[in-house]
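First, one chain by itself: the form predicted alone, in structure tokens.
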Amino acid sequence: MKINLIILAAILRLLVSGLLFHPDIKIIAFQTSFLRDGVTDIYRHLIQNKANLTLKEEFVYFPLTYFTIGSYQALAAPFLGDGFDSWLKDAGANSVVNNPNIFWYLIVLKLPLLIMDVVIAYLLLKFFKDRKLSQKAFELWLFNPFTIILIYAFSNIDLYAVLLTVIAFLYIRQKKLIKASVFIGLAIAFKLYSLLFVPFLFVSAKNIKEKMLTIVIPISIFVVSLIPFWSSAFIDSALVSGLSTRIFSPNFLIGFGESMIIGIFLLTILFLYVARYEKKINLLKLFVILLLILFSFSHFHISWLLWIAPFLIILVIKQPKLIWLVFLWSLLAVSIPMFYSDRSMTISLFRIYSTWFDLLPVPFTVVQKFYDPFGVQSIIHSALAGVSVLITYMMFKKEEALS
């Protein structure tokens, strides 16, 4: 039964992979292609050779992402054909999507995502003792439209970090915090958001030695992965890029140039409450609440939504009464980026069929004719925060919500 579901899910994913194009996948593929030429420090290379490159964007991800994707591309290069490198270097907006091989390129480039996606589906089975519940989680992950679009339309490389956090929480369920810390550290080396969870690992550890290791291990893995590439180029491109620092906004001024960061304020309250008052610490529940706070009080990229996706699946399977709240939250969360003034969020996904799609207005422009589109984003985001608060309340109310 599972094999049949996997085959059906794989076909669906391959169709979405080949039929929707977000430009990020080409930019990242171009940047990581330099690993095949022996370039190890991509940050310095891109800045030093910027004048000679057709695509001039900086590499905004961490080194582990560069080496992982670059290594896969080196293995896949023989299957991509002789014209692939020319396509990568092509900076023409129309010629790129008009390339007859683009569908094949997209499928091959997204294959690692398919593999990790299926692995996550199997890992979710292990979060449930009841076979029927595990099957529901398996099916819900494979066939809900949210994760399929997030992963395969937007070329979501955040899946690397997500897979590692899922593995970490399997070890947490087995009370193996040291092993969990290793995978949290690897996740941080891909995406910084997992660093916010390290203090909660520390609090849940039973003794001083374990507490110290839950701090030292993930941070050491993160630091070691960065040290060989530490430079002003790396700091400016990746470490303090908008994608990394956006989690520290929004904020409001409290005078003399000082600001109060809402997300950090609420996470501090959550941490201190857990450290002082929670008798039985449920790390999975806390991770979901942490991410709910993050999304409620930051201008998030749509790819970030995948961070919470597997854990929301676990939540709704264990607490079916929350499914309508989680569905509403997911709908609101996906809707917000659709109103950004960014064609690649909506219309441009379909340019591979025809560049006539360029003539269609994005939702931001349509709304602008009648109302302030930023106001619409604010309304939806405020509703998202409200639903997040309610989900958090329900999770605290029901101690077994994610046990």
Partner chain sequence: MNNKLVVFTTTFILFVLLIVPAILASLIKMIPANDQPGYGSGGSVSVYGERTFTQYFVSKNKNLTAIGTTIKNPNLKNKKDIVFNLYDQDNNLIRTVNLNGFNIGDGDFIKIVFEPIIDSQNKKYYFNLASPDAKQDEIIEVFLTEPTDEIVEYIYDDEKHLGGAPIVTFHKPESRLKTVKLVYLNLLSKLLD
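Remember, predicted model here, so these are calculated numbers, not experimental data. Numbering follows the first chain given and starts at 1.
Not on display, but discussed next: the form predicted in complex with its partner chain.
Residues within 4.5 angstroms of its partner chain in the model of the complex, judged by any non-hydrogen atom, belong to 356-364 and to none of the other stretches in 57-65, 27-35, 371-379, 356-364. Using a 4.5 Å cut-off to its partner chain in the model of the complex, each of L8, L20 and V97 places a heavy atom inside that distance. In the model of the complex, at least one heavy atom of I352 sits within 4.5 Å of its partner chain. With a 4.5 Å cutoff on heavy atoms, V16 counts as touching its partner chain in the model of the complex. Contact annotation for F143: at least one heavy atom lies within 4.5 Å of its partner chain in the model of the complex.
At least one heavy atom of L12 is located within 4.5 Å of its partner chain in the model of the complex.
With the partner omitted from this view, the residue of E210, E278, D90, E139 that lies near its partner chain in the model of the complex is E139 [heavy atom within 4.5 Å]. Think of it this way: in the model of the complex, its partner chain has a heavy atom of just one of F271, F103, F202, F300 within 4.5 Å, and the residue is F103.
In the model of the complex, no residue of 49-81 lies within 4.5 Å of its partner chain by any heavy atom.
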